[in-house]
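A single chain, nothing else alongside it, follows as structure tokens in the form predicted alone.
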């Protein structure tokens, strides 16, 4: 009888954990104030050291990032860089990579960089990432704007990033039921 109770409790716990993980998958979480200005000081600088355009006054945001992430942000210029942390054998990582590449190619001011953390777990640890795929959106200055655990939902991601993208959004083809984008 005790074995049945233990088995029942284990099954219920597993279902609860599964539902929690499922509900959090693809959910966008903004990071702090995302570098937005809450009150500007004289001269147009924000009191928190971030200019109205999201550029850090002292470069502290970039300096605090792991080297691989910093290199990704200082490469090709973009208003927002989506840094995807993935691992070699992660199936959802491939799905997220395809979606984010598709979105970045069709959105002005948006760039996607995929970092494989299989052999570099320190990057994930330093960024507080507990699962893959995790996508972190950074402003040009290195300020974290938002993060998504799991495969992001395209329209929700674009809506959350829209205020940070300077260029007009190019039309993005809808995804049919099969999941592949159309042109």
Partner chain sequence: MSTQPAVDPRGPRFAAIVTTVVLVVVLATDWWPLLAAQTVVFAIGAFVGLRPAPYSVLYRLLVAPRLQPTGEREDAAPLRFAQAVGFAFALVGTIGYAFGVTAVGIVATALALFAAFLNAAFGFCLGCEMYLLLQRLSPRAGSAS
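Positions refer to the first chain, counted from 1. The structure displayed is predicted, hence computed values, not measured ones.
Form predicted together with the partner chain: not shown, discussed below.
- Contact with the partner chain in the predicted complex holds for none of 70, 77 and 165, as no heavy atom of theirs lies within 4.5 Å.
- With the partner chain omitted here, the record of contacts in the predicted complex names 113 to 121 of 62 to 70, 113 to 121, 152 to 160, 139 to 147, defined by a heavy atom within 4.5 Å.
- Using a 4.5 angstroms threshold between heavy atoms, residue 90 counts as touching the partner chain in the predicted complex.
- Heavy atoms of residue 129 reach within 4.5 Å of the partner chain in the predicted complex, making it an interface residue.
- Though the partner is left out of this view, residue 106 does not reach within 4.5 Å of the partner chain in the predicted complex, counting heavy atoms only.
- Put simply, residue 102 is far from the partner chain in the predicted complex: not one heavy atom of it is within 4.5 Å.
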